[in-house]
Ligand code: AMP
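Before any questions on how it binds or moves, here is one chain, the form predicted alone, in structure tokens.
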């Protein structure tokens, strides 16, 4: 299948979404490693924003490009784990000038923005979709490590409903390549810095329950982030921890990116489609995990989101 995607492309750019997470980095680096290992006559480059420190254990991440060289143009641009062109960030310029474009993604909000698309909303991760395109016997340990990491991160270590039997079969085959699964999970998913634990504790301590205790929300201001010495990447995992609260159907976590502008993460358990809510406000994602950016005070954001959550609770068929 990958042979058909690459076709006559001699130069390939690989890009993912802004603020790259585990699946984004894993799928990009997994595909990059596979092309580098098996297509010696092709040139491939990865374009991503700076990745989280915990993911820098992956092989070849030092090859990631954070800027576009002058007059660089590629035969093919492959977008990974990105729901729309705007979320490609700076690499979107290469998407626009590429000879061909291809998108591999699992976001339900992705309506298909490339010339060709491989979009499977029910898939566990983009990393699993990339695995499906590769010839198993040609997958190296480095490729397997990256793809396994991506699957682990987007399934919450296989605990989310998106982890299907095919996901476990793919993960098992990747482990058979020699991936040290337990170490990778511990080092990249569970391990937190002291500052990350502090900001998590602060968010949990100041969280509130509302809508008859079916929703939980918390927020962190830019001033608080500066006080603890944490950045955007240190916010990972907070909303998932809030979601674990007994009796809660929807978890909301937001952090201030500039005065009265919040990056909002939404998580749900069963009843609420948070992707629909995020899309209503210009965001996107999955049914049980989505995000958006919204201007206003913390209370403004909560009030706006509450209206959409309540509408779904009152009309489950309209989800």
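Keep in mind the model is a prediction, meaning the values are calculated, not measured. Numbering follows the first chain given and starts at 1.
There is another form of this protein, the form predicted together with the ligand, and it is not shown here; the text below is about that form.
Visitor: Report yes if any heavy atom of residue 33 sits within 4.5 Å of a heavy atom of the ligand in the predicted complex; otherwise report no.
Guide: The answer is no: residue 33 has no heavy atom within 4.5 Å of the ligand.
Visitor: I'd like to know if residue 250 sits close to the ligand in the predicted complex, meaning any non-hydrogen atom pair within 4.5 angstroms.
Guide: No, no contact at 4.5 Å.
Visitor: Determine whether any heavy atom of residue 292 comes within 4.5 Å of a heavy atom of the ligand in the predicted complex, and answer yes or no.
Guide: Residue-level check for residue 292: yes, a contact with the ligand.
Visitor: Within a 4.5 Å heavy atom cut-off, is residue 107 in contact with the ligand in the predicted complex?
Guide: Close contact exists here: in the predicted complex, residue 107 approaches the ligand to within 4.5 Å, heavy atoms only.
Visitor: Of the residues 100, 243, 87, 202, which one places a heavy atom within 4.5 Å of the ligand in the predicted complex?
Guide: Of the candidates 100, 243, 87, 202, 87 is the one lying within 4.5 Å of the ligand in the predicted complex.
Visitor: Could you work out which of 56, 65, 43, 263 is the residue within 4.5 angstroms of the ligand in the predicted complex, going by heavy atoms?
Guide: Among 56, 65, 43, 263, a heavy atom within 4.5 Å of the ligand in the predicted complex occurs only for 263.
Visitor: When the ligand is placed as it is in the predicted complex, which of 276-284, 43-51, 25-33, 56-64 ends up with heavy atoms within 4.5 Å of it?
Guide: Of the options, only 276-284 has residues within 4.5 Å of the partner.
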